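Here's a solo chain for you in structure tokens, the form predicted alone.
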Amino acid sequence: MNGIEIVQLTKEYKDIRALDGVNLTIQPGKIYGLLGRNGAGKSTLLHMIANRIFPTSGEIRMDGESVFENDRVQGRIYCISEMNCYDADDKVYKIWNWVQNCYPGFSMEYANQLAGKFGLNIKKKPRQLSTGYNTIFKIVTALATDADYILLDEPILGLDANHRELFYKELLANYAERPKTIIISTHIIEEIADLLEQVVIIKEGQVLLDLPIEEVRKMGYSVTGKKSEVEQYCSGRTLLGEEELGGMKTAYIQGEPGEIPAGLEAAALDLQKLFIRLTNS
């Protein structure tokens, strides 16, 4: 399988270019983090993969076939987002019956098991559910479809800490049971960092970074100490950013630390901090 190939993808809304010539390959059997600031184009990209909106130009292919107006290909993709593609006046279990017609691999037994773990009342209608339980309903539906590609746009919206932890646990269990491609787009970066195998960062409609998580973790580090000593150490190095407090300074530096002089303290730059520094620069 070739995965999803995105070629010169552009989307324009009047005078706004949401995506600008994006080239990206989503490899099969990996968990991706799709990261970007508000308005970067993340949701636009996911909605185009899911055939919900169409590009101004460019292509998206799955295993060589266009994803647009292609029921066979779309039957392998499931996307959750704030955009609802079901009747909110139907009860949850009735919506699952409808989903089962579109996704033959949908497991009603598994969906009911997950509903029990999350405390989801499947006899309620989505419009009767809180924001958190609406999210849970969407998560459970996505995991139960057994789709080859699951696209999760802000999948923890409204979830409390316990439900978020349960979601991460069940997502990994689902992935281990049958590997698939999962794309997670969220602003809560520090919580998903340990789930990810590949990181894609979009900035202003273009791909800024597309790397395995192991390589991303080696991209930067921080050094803290007296201002003069930090500035001396940073000479000739690539700065991602810096902060000062009193006579102390923290510098965020691209690359690997190597040997650190006495008096300075080095720390790994976590994914969220690296994301902030890269997208602010």
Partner chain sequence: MKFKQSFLYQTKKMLYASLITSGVYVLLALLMLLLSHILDPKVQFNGVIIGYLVFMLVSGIVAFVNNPRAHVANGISRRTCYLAFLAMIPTVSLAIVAEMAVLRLLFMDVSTELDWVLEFLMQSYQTGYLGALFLLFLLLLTINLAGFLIAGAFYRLNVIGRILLAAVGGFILMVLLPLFVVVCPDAAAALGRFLAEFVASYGSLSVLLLLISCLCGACGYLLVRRSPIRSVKW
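Residue numbers count along the first chain shown, from 1. Only a predicted model underlies this, so the values are computations on that prediction, with no experimental measurement involved.
Another form, the form predicted in complex with the partner chain, is not on view; read the next lines as being about it.
The partner is not drawn, yet in the predicted complex one stretch among 149-157, 183-191, 120-128, 169-177 has residues with heavy atoms inside 4.5 Å of the partner chain: 120-128. Heavy atoms of Glu109 never reach within 4.5 Å of the partner chain in the predicted complex, leaving it off the interface. Contact annotation for Asn134: at least one heavy atom lies within 4.5 Å of the partner chain in the predicted complex. Within 4.5 Å of any heavy atom of the partner chain in the predicted complex lies no heavy atom of Gln198. The partner chain is not drawn, but in the predicted complex it has no heavy atom within 4.5 Å of Gly116.
In summary, among the residues Arg237, Lys226, Lys218, Arg52, the only one with a non-hydrogen atom within 4.5 Å of the partner chain in the predicted complex is Arg52.
Residues of 88-109 placing a heavy atom within 4.5 Å of the partner chain in the predicted complex, in sequence order: Ala88, Asp90, Trp98, Val99, Asn101, Cys102, Tyr103.
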